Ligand code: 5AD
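In the form predicted alone, a lone chain appears below as structure tokens.
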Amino acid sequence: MKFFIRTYGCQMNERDSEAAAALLRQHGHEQVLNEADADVIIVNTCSVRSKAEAKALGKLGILASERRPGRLIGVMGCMAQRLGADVFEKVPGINFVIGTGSLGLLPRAVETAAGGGGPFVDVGDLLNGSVCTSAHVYDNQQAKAFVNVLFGCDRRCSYCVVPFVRGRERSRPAEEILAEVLDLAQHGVREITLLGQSVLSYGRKGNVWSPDHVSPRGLTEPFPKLLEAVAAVPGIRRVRFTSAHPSGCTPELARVFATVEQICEHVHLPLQSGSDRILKMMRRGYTVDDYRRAVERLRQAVPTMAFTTDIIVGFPTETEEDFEATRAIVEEIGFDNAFVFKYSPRPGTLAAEWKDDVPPSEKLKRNKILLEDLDRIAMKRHQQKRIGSIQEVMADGFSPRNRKMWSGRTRDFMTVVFEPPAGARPGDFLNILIRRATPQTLYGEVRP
């Protein structure tokens, strides 16, 4: 059967979609690039915000209303895990639901639905379910890949649904990860992004390294050792990871950044708020000063380090003073980019029990102000460190907004748009002279 996967959400959802596609292809199904050509459409969903769920449900509703004979519609991902069989009530016409702990059962779900069985639902056991870790879709243009290293999360932030839809924290054995990275490198992958909800916690619970492994740099912490080992895999030219937490920004992590060339100078380090009072309510486990020291430690090791972040505005009881404290630390850190979210309560979380007392209009206002601040800061950083410089860019291929141009990423994760040279291929590393910029995008010309 021909299948198409629509993905909403974070990099972990993107990685799940890659694994789902590989599984289905291994079972004889064909992936297509246009959902109109598909016999099976799978919507991979996010549940972090109510808006994300609404978007996925809206898409499913449209698909179900089309009533195309013989076409199957499936749901996977975090919303599927949270709602389970309730998805069938919200959107009649769905054929199967697969949770985050049951991805390995996707081929069976498709086969069951195609045979007239169902509706099929399995949200599994988040600790012992059929999680797929190493399946990839290989093609001759795949130059980068996501690799799961840590599943679940134990932090229990008061607003976050992730522990309920991804389960408790568990780390993959390092040897298993390195075998996957080696396989990817042998298939032409040059950039690896290591994934975990709080990835710097990798290996803190349980033994992930064999006793005979020796770090060339004398590292002792599990995640810095993993970065060092992944970077040493032949063929791997860039290593990234997401998402970080200030508690993991240790001197050893800083040393790896400073001494391992393949590790890119970029950290996504969620801040969420600049108010210590709000951070305590969020149960984030750090203060603003802790966050500041984490940034300083990494910038001392690599002065060109770029930081991106996540921020929530309008959290319960957030005052104007709290919001101004967020603006102040954003200005001080000088983020290169940020995702700003208007708070929405998520079922089952501690914060959902509190009054959502910041009016929607105020959330929107604070969101707008913060985005304007971030754009101004980004342009200042572009002027200081990027415009007029030559940046190494890994080409991704056609620019999404202009098929005459290509785009790619710098080592510090900035998007660059450029006119490709003759014979260019996705995955090529090009030197680009940066001529101009908008807050989120650089524009340049290829140089020898």
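Numbering starts at 1 and follows the sequence shown. Because the structure is predicted, anything quoted here is derived from the model rather than measured.
There is also a form predicted in complex with the named molecule; it is not shown, and the following applies to it.
Colleague: Look at the stretches 340 to 348, 318 to 326, 185 to 193, 172 to 180 and give the one with heavy atoms within 4.5 Å of the named molecule in the predicted bound form.
Modeller: Selected stretch: 340 to 348.
Colleague: Is residue 272 a contact residue for the named molecule in the predicted bound form, using a 4.5 Å heavy atom cut-off?
Modeller: The answer is yes: residue 272 has a heavy atom within 4.5 Å of the named molecule.
Colleague: Check whether residue 49 has any heavy atom within 4.5 Å of a heavy atom of the named molecule in the predicted bound form, and answer yes or no.
Modeller: Flag for residue 49 set to yes.
Colleague: Give a yes or no for residue 312: in the predicted bound form, does one of its heavy atoms lie within 4.5 Å of a heavy atom belonging to the named molecule?
Modeller: Although the named molecule is absent here, residue 312 would touch it in the predicted bound form, with heavy atoms inside 4.5 Å.
Colleague: At 4.5 Å between heavy atoms, is residue 202 in contact with the named molecule in the predicted bound form?
Modeller: No, residue 202 stays farther than 4.5 Å from the named molecule in the predicted bound form.
Colleague: Pick from 159, 146, 335, 151: which has a non-hydrogen atom within 4.5 Å of the named molecule in the predicted bound form?
Modeller: Among 159, 146, 335, 151, a heavy atom within 4.5 Å of the named molecule in the predicted bound form occurs only for 159.
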